[in-house]
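Single chain ahead, by itself, as structure tokens, in the form predicted alone.
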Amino acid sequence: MFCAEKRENMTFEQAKAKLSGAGQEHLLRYYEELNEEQRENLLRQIEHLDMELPKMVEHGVKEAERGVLAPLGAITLDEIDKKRESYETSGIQAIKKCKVGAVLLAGGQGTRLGLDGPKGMLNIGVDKELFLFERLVGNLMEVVEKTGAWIPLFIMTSEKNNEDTVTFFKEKNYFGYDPRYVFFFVQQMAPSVSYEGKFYMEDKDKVSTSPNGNGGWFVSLVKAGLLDEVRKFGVEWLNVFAVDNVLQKIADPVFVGAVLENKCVCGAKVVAKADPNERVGVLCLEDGKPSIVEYYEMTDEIIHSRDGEGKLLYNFGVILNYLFQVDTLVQIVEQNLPLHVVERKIPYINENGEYVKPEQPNGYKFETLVLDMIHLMDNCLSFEVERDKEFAPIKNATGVDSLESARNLMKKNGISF
């Protein structure tokens, strides 16, 4: 269901016919200048282009209207403490049977942090060298030591940082992790278009592309052939987490056990909002099914709505740490996640073959989002964690959610760096 039959590569005539019918002939503008390898590369890209994508922006971009939103509470810290022993026991049993795998989303670059390379290679140490990748692997190792079982770790990279990431892990001896349980895969890409719906080119033999959003991780894993590895290990659950949170608890037995005991097909770690206007996505119900509403989609009425005890109804923000049942993921991948059109600054080559790096948005990218994966689930356990113990994202060079703020929380948690 995920594989296509092998066939001959597209010819120049076939590519020209495909593009002419959609007004995209400019992609062949430099064909005569290319060598044979470059020509084959370009034709292969054109063959796989979805010509329906530009139609999404022909008459302006409109996001699909949201359904009826309703609050979704969480298993609170107090409630978790009461069942912690039971949850942890269930989680450890599942991990020992290799039913739990971990997926690190590490496709990003550290450009905003002054790093010319993968974000996970950022040195977050002060008194010693400590890399972001190293800290995350260390967090996972704590579970390995507690359970006595290696957890399969799947690391999603991007076309831009895959080679650097793989080389870095090898040079650092996988930070002590057993390499037999580490697998790398490259995130699928999606083309970029101008405001007029024309595909951009980033080189004379390359269509402009970008990663297909944080909802593309599972289809990327499948297309890389790693679902077979998941099945071989007997993994039934995948814990997906972001590269930029240094306090991220991975394959957390208590979280795993809570999802299992509550008979859910999905779980999401959440934190209580610091204040009503905090810019975080909030776990909620949409038309009766779990979903995530982004902060910019919320009205003032929703943001400030409270229950009879004065507690915020939309109070639990997601931290990009999810647990998904593999069988359910396979089912939803077959349904195709909705595509979101996002306005971005897109580098490109112009009609003179000159590379242009725009300072303002100049077109659209197409992304799939985790929130849509959540919404396709029948249920999702909202699992509260302590902000100061599990949420220290590094997104900015200074200020809120920066390296400085993350270091302060690491110090508070007794982590030497």
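Since the model is a prediction, treat every value here as computed from it, not as a measurement. C-alpha atoms forming the largest set that superposes within 1.5 Å between two forms make up the rigid core. Heads up: residue numbers just count along the shown sequence, starting at 1.
Same protein, other form: the form predicted together with a small molecule, not shown, and the subject of what follows.
- This chain appears without its partner; in the predicted complex, the one residue of R112, K146, H304, K206 with a heavy atom within 4.5 Å of the small molecule is R112.
- This chain appears without its partner; in the predicted complex, the one residue of C266, I75, L105, L312 with a heavy atom within 4.5 Å of the small molecule is L105.
- The closest heavy atom approach of N239 to the small molecule in the predicted complex falls outside 4.5 Å.
- Among heavy atoms of K395, some come within 4.5 Å of the small molecule in the predicted complex.
- Under a 4.5 angstroms non-hydrogen atom cutoff, the small molecule in the predicted complex has Q187 among its neighbouring residues.
- In the predicted complex, the small molecule sits within 4.5 Å of a heavy atom of R344.
- Screening 212-220, 287-295, 197-205, 90-98 for residues having heavy atoms within 4.5 Å of the small molecule in the predicted complex returns a single hit, 212-220.
- After superposition on the rigid core, the Cα of Q109 moves by 2 Å or more between the shown form and the other one.
- With a cut-off of 2 Å and the rigid core superposed, H304 has a Cα displacement that falls short of the cut-off between the shown form and the other one.
- In a rigid-core overlay of the protein, F366 has its C-alpha displaced by at least 2 Å between the shown form and the other one.
- A shift of at least 3 angstroms brings the Cα atoms of K395 and V342 nearer to each other in the predicted complex than in the displayed structure.
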